[in-house]
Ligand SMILES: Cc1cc2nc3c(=O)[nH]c(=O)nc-3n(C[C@H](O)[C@H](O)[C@H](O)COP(=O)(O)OP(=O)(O)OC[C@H]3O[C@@H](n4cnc5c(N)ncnc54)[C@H](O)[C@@H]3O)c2cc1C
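Starting off, we have a lone chain in the form predicted on its own, written out as structure tokens.
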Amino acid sequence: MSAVLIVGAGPVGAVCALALQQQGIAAQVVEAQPEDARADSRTLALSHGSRLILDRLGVWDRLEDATPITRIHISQRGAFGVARLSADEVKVPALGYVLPYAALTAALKQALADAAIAVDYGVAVERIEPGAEMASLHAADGSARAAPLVVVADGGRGEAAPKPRFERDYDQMAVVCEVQTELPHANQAYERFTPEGPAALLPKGDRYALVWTASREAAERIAQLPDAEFLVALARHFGGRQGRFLSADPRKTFPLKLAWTGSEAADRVVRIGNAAQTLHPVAGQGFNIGLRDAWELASLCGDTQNESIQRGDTPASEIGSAAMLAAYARGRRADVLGGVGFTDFLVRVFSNDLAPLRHARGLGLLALEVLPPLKRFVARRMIFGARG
């Protein structure tokens, strides 16, 4: 079996390693964080397409904390236009699922261990050296590793991260926490657009996970409000569709930006997930695109290995070759650029209060609501990506 080196043991790197093993390709993972690092407290929104990937890898049944989203209510504050998406209309059991990041990483860590996939924790990669036949990793502890393919899935946090080919600073931050509402969520999510930025409520357990986008200055102020004042501000910002907001957990903030490095790869190195593209959280596309990166790359590695065996070539020489990586870039371009363009369009078009755009947005939401083919088109691409 040919070996592949993966930098990063987060969900995208772990999914890639597990999918490669299903293809009969050995993977070794290196992770900068120690094995006992404290779990991330973020909340994830997985599309139904991502659930199918995890199901094929035998991971989904390990997750007990996933809350299905069966309906999504989309609106803009202070203007007409509402659109409603439902799982029944797209003929799927759920549009997506909400779960703790820590629950997914724990399930994937156990899956890696059960599959006997080697993970070297506490290994910080200082540099990656591409090569014609092999690429090599050089770690801070002086060790080095080489493989015919190096997959960088470290979220773009590593020292070897290249400068993005395109960046956009939205001058926004996300305020995140969990909130309790007066009315039960009934598995309905909300995406509410405001001139300050979108606000999302995602059903999580018997509560909601809140993502409230605002300017940096406003977000810092909102996050530091006492609970009672925060709940009043949230009700004023979001409206009363879920009744009163009863309680809120402590708030955290995250800066928001667009950074696109690109799927193009060469010299035995490829970047996937947030190491290749970081998106605004509106419409929940970024993480799901990253999982599709991992799945598609592993599938292409498997196809490449099988074709090389049939030709009598050495599989190790073909996996990670320039031809294979060029095929990967071509195959991912529509999905990735579609997600980048869609989220960037939503943020820039909806995060303002210009009257012509406000009316155009309302007409767009109205069209989405009353045209079932358009509704299915949008929903399936949010769930499954460009292939719909």
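This one's a predicted model, so the numbers in the text were calculated from it and none came from an experiment. When you see a residue number, it is the position in the sequence shown, counting from 1.
The protein also exists as the form predicted together with the named molecule; that form is not presented, and the subsequent description refers to it.
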Any chance G49, G302 and I319 all have a heavy atom within 4.5 Å of the named molecule in the predicted complex? no
Would you mind picking out the stretch of 88 to 96, 278 to 286, 165 to 173, 215 to 223 that comes within 4.5 angstroms of the named molecule in the predicted complex, counting non-hydrogen atoms? 278 to 286
How about G197 - does it come within 4.5 Å of the named molecule in the predicted complex, if we only consider non-hydrogen atoms? no
Please check if V125 has a heavy atom lying within 4.5 Å of any heavy atom of the named molecule in the predicted complex. yes
How about R157 - does it come within 4.5 Å of the named molecule in the predicted complex, if we only consider non-hydrogen atoms? yes
Within 4.5 Å, heavy atoms only: does A32 come near the named molecule in the predicted complex? yes
Interface check vs the named molecule in the predicted complex: of V340, A66, V347, A45, the one with a heavy atom inside 4.5 Å is A45
If the cut-off is 4.5 angstroms on heavy atoms, which of these, Q242, Q76, N274, T261, is the one near the named molecule in the predicted complex? N274
Could you run down 5 to 23 and flag each residue that has a heavy atom within 4.5 Å of the named molecule in the predicted complex? V7, G8, A9, G10, P11, V12, G13
